[in-house]
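Shown here is one chain on its own, the form predicted on its own, set out as structure tokens.
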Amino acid sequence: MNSLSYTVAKEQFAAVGVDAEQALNALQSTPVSMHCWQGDDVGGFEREGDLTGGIQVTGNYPGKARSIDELRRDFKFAQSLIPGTKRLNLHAIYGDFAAGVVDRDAIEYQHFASWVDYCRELGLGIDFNPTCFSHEKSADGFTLSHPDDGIRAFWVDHCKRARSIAARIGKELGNPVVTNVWIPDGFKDTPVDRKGYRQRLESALDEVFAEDLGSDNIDAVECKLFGIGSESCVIGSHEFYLGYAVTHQKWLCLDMGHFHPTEQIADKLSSVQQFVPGVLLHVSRGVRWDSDHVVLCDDSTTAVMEELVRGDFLPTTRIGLDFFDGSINRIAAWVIGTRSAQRSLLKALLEPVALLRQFERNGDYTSRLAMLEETKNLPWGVVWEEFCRRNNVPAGAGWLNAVKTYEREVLSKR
């Protein structure tokens, strides 16, 4: 791409009232939190074992990261091919347990201090998650809502420690950490005492969040419609967590794969953002179910990003990724998914929102619809190429050659 084409593109956007430079600056300043678990199929470094809790990774593509060093090397390479500002999203099972594995109710900041050093070197912020699945104390599908007081207390302690670790990470990096609580609790078949489980969950969450950790930690709670093994009832439903988040002023996590296929998160944003302090987005792609396919620059993703821009919600939204595909090169999945999310956001930032709002206020829905369609032909791809150029990463598919080389020289030897 040459500079002249970007100059022409800027003029075309300016003709409909869009400042391309302003869009580029907004995209640069909006971080995307890349999830560590794409690199090793949600394995972590605690112990060997199968995934449980409604989580399933399909595929066995060669080259999966087998250690913390391999995962860090892969992630560093992946993020070098992605423009813009990034963060690293960690699950508690990804601690540095070189000195010995501890159970989840005993994790401490020291198990994540080397991650802080790693991210400081790369200029990345960190987000954090307690890991309430794939453990013997979650084997029956329940954690914070468990009828057994001892098991429930174990998971309360784990979540407390996760929050404390996150606050310390945020302080060390001078960058607040979003700590997202998701649990797999639910029933495969129709339950009788939904109320009892949800009362226990509410009480457990009150314990988890009892300590005020200050501004270095941002608490979020994540809802879900159903999961594998919890098809009939998820205790932490959308209604439950929305009510909890509003009542206790916690951030609400909306995962694009956690709703009915006909539901659109984009439509929910302008409602929930009126009542909660912020929204954590988990950008994913469910195909018929919460299958966590690699994110694409498709209608669903673009619709969510458009709503963030149209509603001026970017300041109160954190964008994170949550997919895991073991059927393709895992580094390529990171790159495809992250760049696709960024492209969708750029398209939204280049939309003539002011002009469209004016049409809508005037009741000129004909012009609104016409302009929405005509602006689809504006050269947003040229602006994306300029964004990549400024960030010193390949604009087109050139990154794929780098991944293939890495696969040949590094991944194939694992």
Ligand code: RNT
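Quick note: we count residues from 1 along the sequence shown, nothing fancier. Since the structure is predicted, the reported quantities are computational estimates derived from the model, not experimental observations.
Below, we turn to the form predicted in complex with the ligand, even though it does not appear here.
Enquirer: Only one of 87, 343, 146, 258 gets a heavy atom within 4.5 Å of the ligand in the predicted bound form. Which one?
Expert: Only one option qualifies, and that one is 258.
Enquirer: Though the ligand is not shown, can you say which of 91, 285, 339, 158 has a heavy atom within 4.5 Å of it in the predicted bound form?
Expert: Of the listed residues, the single hit is 91.
Enquirer: Are 74, 294 and 399 jointly within 4.5 Å of the ligand in the predicted bound form, each by at least one heavy atom?
Expert: No: no residue has a heavy atom within 4.5 Å of the partner.
Enquirer: If we take heavy atoms and a 4.5 Å cut-off, which stretch out of 66 to 74, 363 to 371, 377 to 385, 35 to 43 is in contact with the ligand in the predicted bound form?
Expert: That would be stretch 35 to 43.
Enquirer: Indicate whether residue 224 is a 4.5 Å heavy atom neighbour of the ligand in the predicted bound form.
Expert: Contact with the ligand, yes.
Enquirer: Quick check on residue 290: any heavy atom within 4.5 Å of the ligand in the predicted bound form?
Expert: Flag for residue 290 set to yes.
Enquirer: Is residue 322 a contact residue for the ligand in the predicted bound form, using a 4.5 Å heavy atom cut-off?
Expert: So residue 322 counts as contacting the ligand.
Enquirer: How about residue 244 - does it come within 4.5 Å of the ligand in the predicted bound form, if we only consider non-hydrogen atoms?
Expert: Contact with the ligand, no.
Enquirer: What residues, if any, in 130 to 169 have a non-hydrogen atom within 4.5 angstroms of the ligand in the predicted bound form?
Expert: Result: 133 alone.
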